[in-house]
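Below you'll find only one chain, the form predicted on its own, shown as structure tokens.
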Amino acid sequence: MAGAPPGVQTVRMGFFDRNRQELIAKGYDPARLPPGQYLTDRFPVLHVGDVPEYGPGEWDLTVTGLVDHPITIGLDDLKAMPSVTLTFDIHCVTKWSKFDTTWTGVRVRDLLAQAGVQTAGTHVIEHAEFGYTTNLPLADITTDEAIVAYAFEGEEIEPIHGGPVRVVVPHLYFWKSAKWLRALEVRDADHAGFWERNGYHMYGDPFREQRHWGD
């Protein structure tokens, strides 16, 4: 194969640039893809610890902390609440993004309303199996799109992706959406969760590339 004409420099395009060009060629708005991310059709599996197994009736969710009436509900109770089915993009801190994912669940703010958040409450800690935690401001986990999800693409969420129930907060990196959710704890200040104690950003905005401490 002939090389470039004399005087013309060949520029080799890297993976992320090629991926973004492919995204544009497919008709996507490139503004949907945060900086430093690549688009994938796959759903990579990443988590801490083993995948838990639940028998019938073994899973439940507690809302606790700075609330007037702590509550504990089972999966059937959750599914009986008014639900929403929403489609949005998700972004992992490990640099993959997946567009147009569809989830069904209950808005977090509706669950918190049942318990009655006290005026001192400013942040929420998501507690999952095996002691995993992650932290969010109350304002970020009570948006229209922040849900406790029990279905993905119309089917039960696979255990490897957090089933039977996980949080989905799509405007933050996906580690902020805990798999295998077991409790929502309202607090009066921010407290680092598992990854936040180990170098990850306290907030995690993908469009600002807030991956690690100091970003």
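Numbering starts at 1 and follows the sequence shown. A quick note: this is a predicted structure, and the numbers were derived from the prediction, not measured.
Below, we turn to the form predicted in complex with a small molecule, even though it does not appear here.
Taking the partner from elsewhere, no residue among 107, 146 and 150 has a non-hydrogen atom within 4.5 angstroms of the small molecule in the predicted complex.
Taking the partner from elsewhere, residue 177 is found to have a heavy atom lying within 4.5 Å of the small molecule in the predicted complex. Interface residue remark: residue 88 is not counted as part of the site for the small molecule in the predicted complex, having no heavy atom within 4.5 Å. Although the partner is absent here, residue 78 is not a contact residue: none of its heavy atoms lies within 4.5 angstroms of the small molecule in the predicted complex. At the 4.5 Å threshold, heavy atoms of residue 43 reach the small molecule in the predicted complex.
Only one of 63-71, 183-191, 169-177, 29-37 lies within 4.5 Å of the small molecule in the predicted complex by heavy atoms, and it is 169-177. 92 is the sole member of 84, 115, 138, 92 with a non-hydrogen atom lying within 4.5 angstroms of the small molecule in the predicted complex.
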